[in-house]
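Here's a solo chain for you in structure tokens, the form predicted alone.
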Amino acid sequence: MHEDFRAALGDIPVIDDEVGIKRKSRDFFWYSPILFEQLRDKTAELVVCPRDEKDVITVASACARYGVPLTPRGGGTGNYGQSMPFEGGIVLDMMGLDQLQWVKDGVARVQAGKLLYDLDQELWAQGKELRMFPSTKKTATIGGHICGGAGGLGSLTWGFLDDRGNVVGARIVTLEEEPRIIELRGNDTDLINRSFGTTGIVVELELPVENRTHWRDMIVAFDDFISAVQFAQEFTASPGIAKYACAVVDSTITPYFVHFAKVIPEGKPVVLLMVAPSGVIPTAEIAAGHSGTIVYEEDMAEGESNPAKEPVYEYCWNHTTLQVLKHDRSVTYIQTVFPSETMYRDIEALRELFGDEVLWHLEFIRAGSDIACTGASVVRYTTADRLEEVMSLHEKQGVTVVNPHVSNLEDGARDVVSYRDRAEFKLGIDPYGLLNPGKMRDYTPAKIRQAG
């Protein structure tokens, strides 16, 4: 790292030991054996730990002047190498910016490095809660969730993070010799939403918050997988039940749920739920109609805070895959979206086709005015070619695949057009292409500046 660049940082804290740098240069990219081989040697030259927005501006200016790549990082909980430095340079550890600024009129203003767990705790104290959070709530930051995620717990009611209204505003720092502060409002927040920090250094966010609900964790066991899916569809389509999560997990995965081994019957698929207290009885009635049995019920906050317990959300979304990976590092996963009109036919056909090669896990979420069935199934990995074939066979069946084994935005996107818009925006705020380089395939820097 150029001495003049280090000097330009002044007294901003840094991590410069090899172990510390390597730790902050990693995320959960190893979920994918493809990405593991591609990214395993990627590392920063220095980790910089800003304490406030002024520090961020100082770092951004120094990077622009000396041509140093900058990769923003929250909690490092992404699965696609979002916070990994593909071209060296620095990792900007944002966790020092961790203040809840204010809550008013159903909106919270928060610094990007705030841990989601801590944020929800502070919101709860004011009778509020987040609309959604990832299964990595305890270790992820709000900035990382917005810039690197797509949805999560709460998406059953509120949809994707980039759905209109789920992000009210964002404050970003540009990467130029004289960095600017830009406030994005309304639809313009899409420019930073799931952009991996390529379109500005997000320092603050404004998000809608809801009145707190004391959610109940529930696990319902079924005799067969299709019955579990049918229950999930009826449950999610019931407008009178306030709900936060609904995950269907096959009996091939539940043996890896060690914490719940005593309550989940052997050989039974289950549905994992977060339900408002007012919805517990109608949920039980719907379950009974599909021969389902409630085998577990607990207050979510108790499961979250009591060391002897665990919240159900840590067995949903990508944590489902993680529970398997804890015991079997040879597996990976795929992400899918099932057409609602042919969902049952497609699921049954693919289950017969793949046998025990695919371990089934579905999440129900809101997609516009409809409820969508998405998949994050575990796959027994053999070769890259076979994994590609598994995804292709899903697509041949008419199922959409959102590929989690690529590291650039466009190849893993639901909407490529939106990334073209972001690439154009990036030209104005990152002219040298130094913000998280390598993540936006269709971006060409407006200017070239060599490091050092």
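Quick caveat: nothing in here was measured; it's all calculated off a predicted structure. For every residue, the number given is its place in the sequence shown, counted from 1.
A second form of this protein, the form predicted in complex with a further copy of the same chain, is not displayed here; the remarks below concern that form.
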Would Val107, Asp163 and Ile286 all count as contacting a further copy of the same chain in the predicted complex, using a 4.5 Å heavy atom cut-off?
-> yes
If you check Lys268, Arg380, Arg171, Arg366 against a further copy of the same chain in the predicted complex, which one has a heavy atom within 4.5 Å?
-> Arg366
Answer option from Ala349, Ala301, Ala237, Val295, heavy atom within 4.5 Å of a further copy of the same chain in the predicted complex | Ala237
Does the 4.5 Å heavy atom contact test between Arg212 and a further copy of the same chain in the predicted complex come out positive?
-> yes
Interface membership of Ser330, a further copy of the same chain in the predicted complex, 4.5 Å heavy atom rule = no
Check whether Val337 has any heavy atom within 4.5 Å of a heavy atom of a further copy of the same chain in the predicted complex, and answer yes or no.
-> no
With heavy atoms only and a cut-off of 4.5 Å, decide whether Ile281 touches a further copy of the same chain in the predicted complex.
-> yes
Heavy atoms within 4.5 Å of a further copy of the same chain in the predicted complex: which of the stretches 70-78, 304-312, 250-258, 366-374 has them?
-> 366-374
Stretch 334-357 - residues with a heavy atom within 4.5 Å of a further copy of the same chain in the predicted complex = none
